[in-house]
Each structure stands twice: as C-alpha cells, then as structure tokens.
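Presented below, as structure tokens, is a lone chain in the form predicted alone.
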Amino acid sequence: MKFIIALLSLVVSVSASIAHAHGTWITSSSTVLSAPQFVTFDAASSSVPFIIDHRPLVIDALSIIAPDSSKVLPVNVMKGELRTVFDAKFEQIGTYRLELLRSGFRANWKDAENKPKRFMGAAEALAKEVPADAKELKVTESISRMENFITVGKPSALKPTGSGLELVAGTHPNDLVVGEPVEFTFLVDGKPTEGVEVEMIRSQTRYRNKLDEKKYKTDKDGKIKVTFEEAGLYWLDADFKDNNVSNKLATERGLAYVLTLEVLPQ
C-alpha cells in the first residue's frame, strides 16, 4: 500500500510540474570523444524526460553543425513506436551543435455560428485559414529550440545566433562537473533577458520517489547560477513570453529552449 501511495504521489507531482513543458529530448551515447567516431542518439517525447514512454521525435528539421559550420547528416535513422534512433559520425576536432528549430502559430476563434475553431501551422497558412470576420480571435506565435553538444578532442567556442531564446554557458556545456558552480546566461534575440523561467530535471527519475526538479528565474543580467550536486544527464527547459511577434495577427510570442547536459563526477 505504501508503494502504491508513493507511486500515485509521483504521478501527481510529475503531471503538475511538467504539464506545461515540451517533454522532448535527445540523448547521445557519448558527449565527449577522444577521437573521431560514431555516436548513437535517442530522440523522443515523453511524460518525464529520458523515459521512453510516449512517442518518437520527428527529426526532419534536425541540423548537426560541425566546428567549421559545415553540416553532418544523420544516418541509420529508425523511427520506432516510442523513440527515434539515429547515428552521426563526428570527425572534426571541436564542438558540434545539434539543433532542432520549430516555429509556428496557434489561433483560436469563433465562427459566424459561434462554433469554436482553431488553427496550428505556419505563417503562410495563417491568413488563409483564419477568416477576416473571426470572432474572439487569439493568435500566439511559438518558437522553440532544442540543442545538444558533442565535443571531439577539445571544446571549441559556441556562438549564439541572435534569434529566439538561447543559452550561453560560462563553462563549456561538455565540461560540467559535480560541485563546480556554472553560470548560464539566457538571451532573447541576442540580448540577456530577465525573467526567463528555467527548470532542470536529473535523469533516473524512475528510481526515486520524487521528480526533484530545480527551478530558477534569470536576474536582470539574464543569468542563473547552478551547482550540480549529482552526476548524470540533466534536462534543461527554459520558457519566456513577450509580444515581439512577426505577424500582425499575433499578440503574444512564446519562446522555449531545451538542452540535454551531461554532468560528470569529480
């Protein structure tokens, strides 16, 4: 009975804490390589980060960017019922960036007969799908970025793109160690931004009785300070809202950023 109560408590806490989150993630068989080689990846959407229990992640828009800015194509791609698996070969010395960008619009309105209608899609289709006489129209723009980093040999510098929500780490993302403080700066369209909400969850949630998520909010300089207490994989989710929309129909922009980090023991 105690086990059932604990399990129910975990389910409730998980549902309450990450219901708003994207729930998407990519993990790799290695994050740091001593020499060029292949790395295998899992990609999925799940109820709890790193637990394979929901659906595979679509990686058609995934970019793997080499240290010299060239692109690497994923190979051996297999989309299963619960996860997507793929390989990539990393040959250049330095840090590779895996980047999955998504953007679009969500619209809700009522038609002439007061029936609720909704739309989700790209800007090109928004004007065609939403009628000019739409009542109680609400349009939200969304832009999300998911990243992973793989380093071969020695780390190389990582530059932000200046678009959307991004992270700049004071310590290289592939050089994180338990007990050593790290400073993360969050940028919105290239500028450090106050009020970005950040959540981090350590892996192995299946083997503990609570999610143990850590929550932060960036200061006036766009920064948070973190000291990792345990080794393992960490899912980082950051969210921010503003009104810097790219389409005049939208009134709000939702920005999201997801990153998988590996923290090593001392």
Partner chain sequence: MRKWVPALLSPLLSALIVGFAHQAVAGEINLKVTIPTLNTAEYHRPYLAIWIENPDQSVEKNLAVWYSQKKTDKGEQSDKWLKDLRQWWRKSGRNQAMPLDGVTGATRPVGEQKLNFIEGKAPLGNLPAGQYNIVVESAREKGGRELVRVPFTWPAQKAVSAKATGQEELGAIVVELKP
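Numbering follows the first chain given and starts at 1. Fair warning: this is a prediction, and the values are worked out from it, not measured in the lab.
Unshown form predicted in complex with its partner chain; subsequent notes refer to it.
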{"property": "One residue of Gly170, Pro192, Gly153, Pro160 in contact with its partner chain, assessed in the model of the complex (non-hydrogen atom, 4.5 angstroms)", "result": "Gly153"}
{"property": "Listed residue that, although its partner chain is not shown, lies within 4.5 Å of it in the model of the complex (heavy atoms), from Thr40, Asn209, Ser47, Gln37", "result": "Gln37"}
{"property": "Complete contact of Asp60, Leu98 and Met146 with its partner chain in the model of the complex (any heavy atom, 4.5 Å)", "result": "no"}
{"property": "Heavy atom of Asp175 within 4.5 Å of its partner chain in the model of the complex", "result": "yes"}
{"property": "Glu180: touches its partner chain in the model of the complex, heavy atom cutoff 4.5 angstroms", "result": "yes"}
{"property": "Touches its partner chain in the model of the complex: Leu33 (any heavy atom, 4.5 Å)", "result": "yes"}
{"property": "One stretch from 193-201, 61-69, 212-220, 25-33 that, in the model of the complex, holds residues within 4.5 Å of its partner chain by heavy atom", "result": "25-33"}
{"property": "Heavy atom within 4.5 Å of its partner chain in the model of the complex - qualifying residues of 238-266", "result": "Leu264, Pro265, Gln266"}
